[in-house]
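What follows is a single chain, given as structure tokens, in the form predicted alone.
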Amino acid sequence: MSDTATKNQAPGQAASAASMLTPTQRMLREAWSKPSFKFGFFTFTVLLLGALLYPEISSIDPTKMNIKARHTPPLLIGDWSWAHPLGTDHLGRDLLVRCLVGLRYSVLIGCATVVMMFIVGCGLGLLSGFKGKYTDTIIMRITDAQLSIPMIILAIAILGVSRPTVPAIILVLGLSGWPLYARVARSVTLSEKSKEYIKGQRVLGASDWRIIFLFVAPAVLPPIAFVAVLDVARMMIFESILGFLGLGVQPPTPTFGNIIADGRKYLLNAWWIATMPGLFLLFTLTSLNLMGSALEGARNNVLRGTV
């Protein structure tokens, strides 16, 4: 009898515990329950830890040249030497270390750019949606003008006449990609500010800024979360394109773009030079896309009330 009562209470207790979670917490819990999110998360974590630790542990200089070891093939194709598991490039530099250092820069630029886009875009979107009237009109017209210019074209135009350092690349990409965040934040703000609890806060004398930061801003986070994860992958692609064109981080610092650009001259006799950074980029982007898709599906389930 007691076992039956315990079984009957368990679903109710689980539902009660779930109802105590915020929408963001429910979204993260639902995303974590998906195998695709776990696979993407662990893959990205392994790649990131490798990028952070292996170059330091191995003590291999990614810029050190060794002409005698040039065009050494990867481990499974060459003489099974562990000295250069992924082979070397046309100057004898170790490709594994160069790819991992390139991953560092790619993730750094991608994450920093998304943080900038989030701060600028969400700030302007919250202000536009909450204040309305002339403020909304001005900000939205600026957003429309920004959206009319392709991001990569704007980045090439600016970096082509300036020195493409890491801060410059982050600044250019960040200031080019904020309109999407502004539109999403504005849409959520317009929906939230008409709700009863916001009107109740006004009656209690809460200031506009207090309402924005304590009540409206948290509601913006769930729809922005999966956009941000996918945008990290998108910014990594843009960074690689700029590096391939010679407008990214400048040599001898290795990045995916400039490694692939160097390797395209040797595709017939040393194909691994261009292929290895491409595979690293592929695995990293796939893991981020899996996490972003899982977050989007979890958000939709939260909105439908199924979790």
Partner chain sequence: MYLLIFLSRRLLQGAAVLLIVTFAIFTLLRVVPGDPARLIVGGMAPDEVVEQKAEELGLNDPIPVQFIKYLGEIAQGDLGNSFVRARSGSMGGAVAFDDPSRGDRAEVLDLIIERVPLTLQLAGLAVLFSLIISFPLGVAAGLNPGAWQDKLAFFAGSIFVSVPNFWLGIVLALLFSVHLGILPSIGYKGFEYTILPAFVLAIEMSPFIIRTLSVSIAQIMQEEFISVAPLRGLMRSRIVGAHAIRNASIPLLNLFGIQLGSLLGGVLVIEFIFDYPGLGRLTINAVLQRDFPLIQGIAIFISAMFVFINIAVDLAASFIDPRLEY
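Quick caveat: nothing in here was measured; it's all calculated off a predicted structure. Positions refer to the first chain, counted from 1.
Keep in mind that the form predicted together with the partner chain is not shown, yet the notes after this line are about it.
- Residues with any non-hydrogen atom within 4.5 angstroms of the partner chain in the predicted bound form fall in just one of 149-157, 215-223, 84-92, 198-206: 149-157.
- For residue 260, a non-hydrogen atom is located within 4.5 Å of the partner chain in the predicted bound form, even though that partner is not displayed.
- Not displayed here, the partner chain is kept clear of residue 64 by more than 4.5 Å at the level of heavy atoms in the predicted bound form.
- Residue contact with the partner chain in the predicted bound form: residue 278 places a heavy atom within 4.5 Å of it.
- Using a 4.5 angstroms threshold between heavy atoms, residue 54 stays clear of the partner chain in the predicted bound form.
- Relative to the partner chain in the predicted bound form, residues 245, 286 and 290 are all within 4.5 Å by at least one heavy atom.
- Taking a 4.5 Å heavy atom cutoff to the partner chain in the predicted bound form, the contact residue among 28, 48, 60, 241 is 241.
- Scanning 127, 111, 171, 142 against the partner chain in the predicted bound form with a 4.5 Å heavy atom cut-off leaves one residue, 142.
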